Structures are given as structure tokens and as C-alpha cells.
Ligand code: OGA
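Shown below, as C-alpha cells, is a lone chain in the form predicted alone; questions about how it binds or moves come after it.
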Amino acid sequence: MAIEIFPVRENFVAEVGDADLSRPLAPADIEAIRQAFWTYAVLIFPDQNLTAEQHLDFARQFGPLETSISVYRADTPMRTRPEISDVSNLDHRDQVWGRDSRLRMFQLGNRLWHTDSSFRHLPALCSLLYARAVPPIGGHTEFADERAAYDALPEEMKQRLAGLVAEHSIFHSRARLGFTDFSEEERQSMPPVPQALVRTIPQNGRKSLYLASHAGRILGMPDAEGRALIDRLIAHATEPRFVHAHRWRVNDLVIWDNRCTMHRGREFDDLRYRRDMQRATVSDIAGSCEQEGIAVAAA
């Protein structure tokens, strides 16, 4: 039986039925999923029963896998393999973290609007998040369509943004929450990187904003002015008309295009309920500036 695609919104977010990701998919189904992904940017696969290896095998259909940044953090033992980013509220003993956990303070940054790995020179193409346990209330994930947000900008603003480059760093986003407790080794392992403020998605030709809480300034612009422009654009891109909220069910797998969406996790009682979410992340082919043909002077 061929897979079925059910759009949730016009050209943004779709549910996929009759796809068992624990088994090899037919080439026609893989191609149909890819085509739906380029169109809708967020795909929801309900009721998947996946091992870690099956999760990663499906992710590899979209490209090479990233290694989690957790490998750079010597203070917190990993509870997953290096190709899996653990975005749960669980410690390495599989217990709900404590109020003063350093891991908790770091992970709270996921409640800010962001796109995965924009703080890496080679950012993420897509992320595949799998729900192994979800809280009974709260803990939704919201997705913002940055393609539609770009389309809705006045032409004057589109012209202003052409060719602009923002500096992205994971330390920018964590500093927004007042968390600056990073070692020099951690800072050296993840230096700031330039990313285009507007990019084109090769598979469909659509232009998109490329924003994140990781963006701290705009190159060539006074810091306060650049920060204000970034904040203005994020506020625009996350207006309700561009946003879809996903209510997780156990065994949901959701894949999204990091090149043209932002997302954020919503609050839940993270000191009471388990939320076991594991993410595979696929690397893009090159940095956004390189893909857009924007030359950036070495720092």
C-alpha cells in the first residue's frame, strides 16, 4: 500500500500515513516522502515503533548525520549514542533532572525560537525528533514557516535583507536566558559562525528567512541595530498565521526542514513528568553563505 499524505495547512505541515519506518521503504515511497518534505517542510509520522538504529536509518535517507554537541560537554555523561541528540529532561541515570541541573539550564534554551545547528559552519538540513515518552499536559512543539514569513515581507524589507549575514552562536541563545556558565574548552569547540539572513531552498526555489535565537548580531551593522532587526524579524516570522503547534503522542516521529523553519518547545512540568525526546540531525551540504554565494571576510 502506498503512503498517504494529509496536509495540515496549505503548503506547511503534513501527516504521513501507511509508512512503517521500522522497515525498509520502497523507493517510490521514499521519493514521495522527499517530495512532500520539500513542499510542506514539516512531516508527522504517527505510531512508529523504532529502535535507535531504525531512527538513524530513516534519517540517512536525507543525508549524512551530525554528531551531537553533547560530545563536547565533559560534565554530563551521555545517555544516547553520539548521533542522537538527547533533548529530554532526563539525566544519564534515566531519571528526571533536578531543579539546579546544569543540563536543565542548557536545555531550557530549546524553548526559544531557533533552528537546529545554525551555530555550526555546516548547519542542519533537517531534524527527526522521536517521542519515546511525553508529558500528559504541555510540552508541545511549535513550528514557524519562514518561507511564508519571507513572502509576506514588504518589498522594501526584502531588498534591505538581500546579502545580509548574521553571526550565530549557541552562546548567544543561552545568554538570552542568563546562562553563561561555559568553559573555555566549550567555547573554543563551538566558535561563532556566519549565516545568510535569507536563503533559497534548492529543491523548490522558494526564498526563506533564516533566523534563530542563536543569531546575535548582523555583520557590518551596529550591534544594537542588528539585534533589533533580528528581533523584529523573529517576531514577524512567529506570528500566529505562520505557526503550527504539534501536540506530541508517544511514538510520533516528526521531521522538519531547518533551512526554512524555526521551532521551539513549550513549557511543561519538567521536574515532574518524563519527556523522552531523541533527535537525529542531518547535515546540510554547505554553509548558508556558501550556498547563497555570499563572501564573508575572515574574522
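In this text, residue numbers run from 1 along the sequence as written. Everything numeric in this text was worked out from a predicted model, so none of it was measured.
There is another form of the same protein, the form predicted together with N-oxalylglycine; it is not shown, and what comes next is about it.
Remark: none of the three candidate residues (Phe119, Arg259 and Gly287) comes within 4.5 Å of N-oxalylglycine in the predicted bound form, counting heavy atoms only. Here the chain stands alone, but in the predicted bound form its contact with N-oxalylglycine, taken as any heavy atom within 4.5 Å, falls in 259-267 among 227-235, 259-267, 48-56, 30-38. Within 4.5 Å of any heavy atom of N-oxalylglycine in the predicted bound form lies no heavy atom of His172. By the criterion of a heavy atom within 4.5 Å, His114 is counted among the residues contacting N-oxalylglycine in the predicted bound form. N-oxalylglycine in the predicted bound form comes within 4.5 Å of no heavy atom belonging to Arg187. For the chain shown alone, Val198 is not a contact residue for N-oxalylglycine in the predicted bound form, no non-hydrogen atom being within 4.5 angstroms. Taking a 4.5 Å heavy atom cutoff to N-oxalylglycine in the predicted bound form, the contact residue among Arg104, Arg160, His140, Arg132 is His140. Only one of Ile84, Val87, Ala148, Val165 comes within 4.5 Å of N-oxalylglycine in the predicted bound form through a heavy atom, and that residue is Val87.
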